[in-house]
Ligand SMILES: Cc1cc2nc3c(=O)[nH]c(=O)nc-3n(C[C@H](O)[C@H](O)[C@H](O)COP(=O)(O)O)c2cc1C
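The chain below stands alone and is given as structure tokens, in the form predicted on its own.
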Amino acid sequence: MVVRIRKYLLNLWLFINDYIYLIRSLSNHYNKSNLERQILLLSHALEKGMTFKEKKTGWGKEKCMTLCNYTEQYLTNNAILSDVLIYSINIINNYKNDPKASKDSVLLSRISGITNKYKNVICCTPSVKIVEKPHLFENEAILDFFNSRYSVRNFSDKEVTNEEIQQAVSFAKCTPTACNRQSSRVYVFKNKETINKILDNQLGNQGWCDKAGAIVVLTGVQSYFSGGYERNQVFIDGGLFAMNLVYGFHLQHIATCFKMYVRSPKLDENFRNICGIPGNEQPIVLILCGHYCEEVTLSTASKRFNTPLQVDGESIM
């Protein structure tokens, strides 16, 4: 009974710490990030509106006006244009050119003020694209690619280059995200001293972690998600990105293994200091990677069981 009470109290303590972290991540201290969240949401809303076949005349007026407000607010307080702001400026410009968009004089004046001042970042890239049925894939080859990836815990001494890491990240950029928020951030550590500090913080190397050529720390920007209803979305988007990142390494014949992130508040604080992770970013997972050894490498069989599947309430698997 005492053990059970201690477990409940520990879980309560952890939940309280998670709540405190969530509130802090949305505080004014991260006003820039919070503005970017609003800008991303509104930009994507207008972008989606442009894809509709049938649109009401004057559609999107309030959203575009609000987007102009947030964009101007951001530009007033930040001298350097981020990718998010360049994206929003182009969305605003493309909205203006939509035949069914609002022609309200006040709105058009606001749009012109932004687009004229930052016309050097406006490109000809449209906010919509044609999506066609994909060409036929070689199913067996693709299935073989996915089935050939296993978690590996033995690595060679060959360096994982920055170019290989960038290529894997480029692969992962294809990952879908909630309202195009693209909240994932990637930190890579190849310095052995730093790797050992990270492993010591995360309960040791377990007899194999220090053999990796690099540790990838994947985080998500928590402040890109607004409050309670979206509190877990950062983990969903981050998990999807992590899996595609691993396949990006696999495509280059680089072995990987996931290491679960230990979320004790004290360890979390030390971990952030070691890795230089801002307070509004949520660590998602650690990925150890390295080139394959020349000799035979063993991995766990990790049998895959049938996934329970229902269609219209009826089990078919």
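Worth saying up front: this structure is predicted, and the values here are computed from it rather than measured. From 1 onward, residues are counted along the sequence shown.
Just so it is clear, the following notes concern the form predicted together with the ligand, a form of the same protein that is not shown.
Chemist: Okay, which stretch from 275-283, 63-71, 46-54, 250-258 lines the ligand in the predicted complex, with non-hydrogen atoms inside 4.5 Å?
Modeler: Contact criterion met by 250-258 only.
Chemist: Hey, in the predicted complex, is residue 137 touching the ligand, heavy atoms inside 4.5 Å?
Modeler: Residue 137 lies outside the contact set for the ligand.
Chemist: Within a 4.5 Å heavy atom cut-off, is residue 100 in contact with the ligand in the predicted complex?
Modeler: Flag for residue 100 set to no.
Chemist: If we define contact as a non-hydrogen atom of the residue within 4.5 angstroms of the partner, is residue 145 a contact of the ligand in the predicted complex?
Modeler: Heavy-atom contact with the ligand at 4.5 Å: absent for residue 145.
Chemist: Would you classify residue 306 as touching the ligand in the predicted complex, given a 4.5 Å non-hydrogen atom cut-off?
Modeler: Because no heavy atom of residue 306 falls inside 4.5 Å of the ligand in the predicted complex, the answer is no.
Chemist: Decide yes or no: are 150, 153 and 208 jointly within 4.5 Å of the ligand in the predicted complex, with each residue judged by its heavy atoms?
Modeler: The answer is yes: all three residues contact the partner (heavy atom, 4.5 Å cut-off).
Chemist: For the stretch 281-300, return the residues whose heavy atoms include at least one within 4.5 Å of the ligand in the predicted complex, in the order they occur.
Modeler: Counting only heavy atoms within 4.5 Å of the ligand in the predicted complex, the contacting residues of 281-300 are 285, 299, 300.
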